[in-house]
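In the block that follows, a single chain appears as structure tokens, in the form predicted alone.
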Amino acid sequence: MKCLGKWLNKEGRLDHHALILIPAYNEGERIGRVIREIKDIFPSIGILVIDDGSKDDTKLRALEAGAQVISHPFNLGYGTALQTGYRYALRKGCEEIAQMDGDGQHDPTFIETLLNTVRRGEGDIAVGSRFLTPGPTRPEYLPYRPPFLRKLGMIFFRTITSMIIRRKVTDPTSGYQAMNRKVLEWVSGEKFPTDYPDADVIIMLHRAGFRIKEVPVRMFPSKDKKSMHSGWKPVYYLFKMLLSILVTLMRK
């Protein structure tokens, strides 16, 4: 598969040298539906699933739905899965990529908005925010309401991030993003976190001189899956993220 080429939606509006990256771990029940929803909107766009050592049939379901798949031999973490996709996209000559989760929380109709934000030069990276209003609402699109503890964490880190980069950031933990090749080259380097790349990456990119643009998107709460921040993971996440931000601020 080559990234270079024209990837058009049904109306022929999207014209990108782009690739959709989907890191996935044990998403066999959902990944096929996610890919089919993307292809229903963008029949010809390239989709790469990075199967991060899944123990279920994630790889098989992704292939059946029409995606390309790269598989890790065992679980290496969300950030490492993303970097595998980033480096693949660079080798294939992609000018832009969009990334989204494989659990169905990200509404694929906003892929075009994210990619066009980058392509028009409004930002080097477009971050999809679930807390900005994405135009006229419909009854089936309810406001995103995260669990209480997760909401507190989001408020905490968006406050810290906004203070550090000196501009309002509403959703620094969003994994629904698009980026240009310059950012793609940067996130493929050694400074990119291998476990939970969130607010720290927004701060790193800002300090590296990249323009960050938040874009309203719709996200849906996960109803049938345990969060990756369950159990003791929130404690580790809080410690790790604060440490990563501190190290970032100490770097030149």
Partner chain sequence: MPIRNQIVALLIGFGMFFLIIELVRRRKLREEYSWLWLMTVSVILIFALWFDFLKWVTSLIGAIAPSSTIFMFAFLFLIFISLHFSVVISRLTDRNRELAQQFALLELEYREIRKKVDSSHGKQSPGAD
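Residue numbers count along the first chain shown, from 1. Keep in mind it's a predicted model, so treat the numbers as computed, not measured.
Separately, the form predicted in complex with the partner chain exists; it is not shown, and the next lines address it.
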{"query": "One residue of S174, Q99, T161, Q83 in contact with the partner chain, assessed in the predicted bound form (non-hydrogen atom, 4.5 angstroms)", "finding": "Q83"}
{"query": "I212, V217, A199, A67 - the one with a heavy atom within 4.5 Å of the partner chain in the predicted bound form", "finding": "A67"}
{"query": "Among 105-113, 90-98, 177-185, 153-161, the region lying within 4.5 Å of the partner chain in the predicted bound form by heavy atom distance", "finding": "90-98"}
{"query": "Full three-residue contact with the partner chain in the predicted bound form, heavy atom 4.5 Å, for T117, R130 and P221", "finding": "no"}
{"query": "I165 within 4.5 Å of the partner chain in the predicted bound form, heavy atoms", "finding": "no"}
{"query": "4.5 angstroms heavy atom contact with the partner chain in the predicted bound form for L48", "finding": "yes"}
{"query": "4.5 angstroms heavy atom contact with the partner chain in the predicted bound form for R30", "finding": "no"}
{"query": "L63, heavy atom within 4.5 angstroms of the partner chain in the predicted bound form", "finding": "yes"}
